[in-house]
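In structure tokens, the next block holds one chain alone, the form predicted on its own.
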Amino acid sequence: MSNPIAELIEQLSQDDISHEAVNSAINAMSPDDVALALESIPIAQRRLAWDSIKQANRLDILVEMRGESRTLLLKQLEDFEIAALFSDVDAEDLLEIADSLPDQMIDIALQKMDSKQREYYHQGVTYDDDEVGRWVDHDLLIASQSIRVSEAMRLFRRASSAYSDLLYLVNRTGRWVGCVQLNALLNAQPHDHVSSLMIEDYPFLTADTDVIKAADQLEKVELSALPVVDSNHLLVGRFHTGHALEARRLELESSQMSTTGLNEESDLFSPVRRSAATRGIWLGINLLTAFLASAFIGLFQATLEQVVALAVLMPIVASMGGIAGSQTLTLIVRGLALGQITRSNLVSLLKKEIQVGGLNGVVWALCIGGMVLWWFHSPLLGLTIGLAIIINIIMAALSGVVIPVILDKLKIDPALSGSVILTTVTDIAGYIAFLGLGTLLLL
């Protein structure tokens, strides 16, 4: 089965780009797919590929590109080319790409907007990137609560945007008062007032709500969109299913990239120096933790010199603790994200994880101890590694619960830092347990 993105990447990568072929492929693809294809070719070729794209398609594609990719492309464009992009930019698109633009370009874009779009933009920038007020769209049907069904139906007939199955009602002061669903209007008489069909307790979001929590709420109520209001209950806009899916996707990408110290906005062909600097910081942190573990190993240098088998088996102890700890860490991070972990259940959860660690520790201690006995013909060495495995897996379970909870209390993302700290703790605990027991039992 053909892959349209792969085919477009191949076309864009050619030295002699066929503008007609490229535009034909682009017309059959969504802007986010085209953006992905652009990001998949080297930066030097990206400008040539960009020139082959019709002007009418460029802004939508630019908005869908990752932050760093967008910045790198804009640096290659002339000022007049950037200005041309903003001939029909709206507030939502400008909010999306504002972080990639100098203030001068933002001012140019605002000058080309009508007064309503400028108002939407200035309203949006008052909210943080992770607040739903910055994500809202304004292509919603708004009407006075005093209109009749026949007038409301005319609004629906003219509607062209997605998720247009809801009428948002406001009072004379502009405050949101409720919503009317399209199916209720279809079953009503033309002369009826829409206020008689209004759902007054319709769920809504405040503009300062975290966007991930907003996505969760939208999923729970099983609606296509929710109204968003400010502190005065004035209607800001709506948060719809498309927003929720995008927020979830970005959260997933951020979680995946953050575990290695990278950013979800990173470009695949980011400049070498920038990529090296970003990754070098994380490598430096890892080096510090490695030196810390090595320092503890150094305390048992005399033991290792006399019992070389301990050095051979050390990675087994560390690996088993690391895997056991990461399993617990993943479970706890998810629980924290979903709000399932509280003071009332933390102790019970900790006891359960320690019991799981103890059971797994005993089972695998018997397996590994038996294998070591067969390999080295030393019952005491088998006992040593078996006891170390039990201690380290229990320690891993304890750390897997405590570390993300503490990081969460300190407002540090446990998905970002938890794995590094956990690995360091389980490595050190495993080495101390194994080498300490080796010193006691084998010397």
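Since the structure is predicted, the reported quantities are computational estimates derived from the model, not experimental observations. Between two forms, the rigid core is the largest collection of C-alphas that superpose within 1.5 Å. One rule holds for the numbers: they count along the sequence shown, beginning at 1.
Note that the form predicted in complex with a further copy of the same chain isn't included here; everything after this is about it.
K.L.:
By the heavy atom within 4.5 Å rule, which residue out of 100, 123, 209, 360 makes contact with a further copy of the same chain in the predicted complex?
P.N.:
Answer to the contact question: 360.
K.L.:
Going by heavy atom distances of 4.5 angstroms or less, which of 231, 104, 355, 76 would be at the interface with a further copy of the same chain in the predicted complex?
P.N.:
Exactly one residue meets the criterion: 355.
K.L.:
Of the listed stretches (123 to 131, 294 to 302, 170 to 178, 82 to 90), which one has a non-hydrogen atom within 4.5 Å of a further copy of the same chain in the predicted complex?
P.N.:
Only one stretch qualifies here: 294 to 302.
K.L.:
Report yes if any heavy atom of residue 417 sits within 4.5 Å of a heavy atom of a further copy of the same chain in the predicted complex; otherwise report no.
P.N.:
No - in the predicted complex, heavy atoms of residue 417 and a further copy of the same chain never come within 4.5 Å of each other.
K.L.:
Even though the partner isn't displayed, in the predicted complex is residue 115 close enough to a further copy of the same chain, meaning a heavy atom within 4.5 Å?
P.N.:
No, residue 115 stays farther than 4.5 Å from a further copy of the same chain in the predicted complex.
K.L.:
Indicate whether a further copy of the same chain has at least one heavy atom within 4.5 Å of a heavy atom of residue 40 in the predicted complex.
P.N.:
Residue 40: yes, in contact with a further copy of the same chain in the predicted complex.
K.L.:
Quick check on residue 222: any heavy atom within 4.5 Å of a further copy of the same chain in the predicted complex?
P.N.:
Yes, residue 222 lies within 4.5 Å of a further copy of the same chain in the predicted complex.
K.L.:
Since the partner is left out here, which residues of 351 to 379 would have a heavy atom within 4.5 Å of a further copy of the same chain in the predicted complex?
P.N.:
Contacts from 351 to 379: 352, 353, 355, 356, 359, 360, 364, 367, 368, 371, 372, 375, 376.
K.L.:
Does residue 347 move its CA by 2 angstroms or more between this form and the one not shown when the core is aligned?
P.N.:
Comparing forms between this form and the one not shown, the residue 347 CA shifts at least 2 Å.
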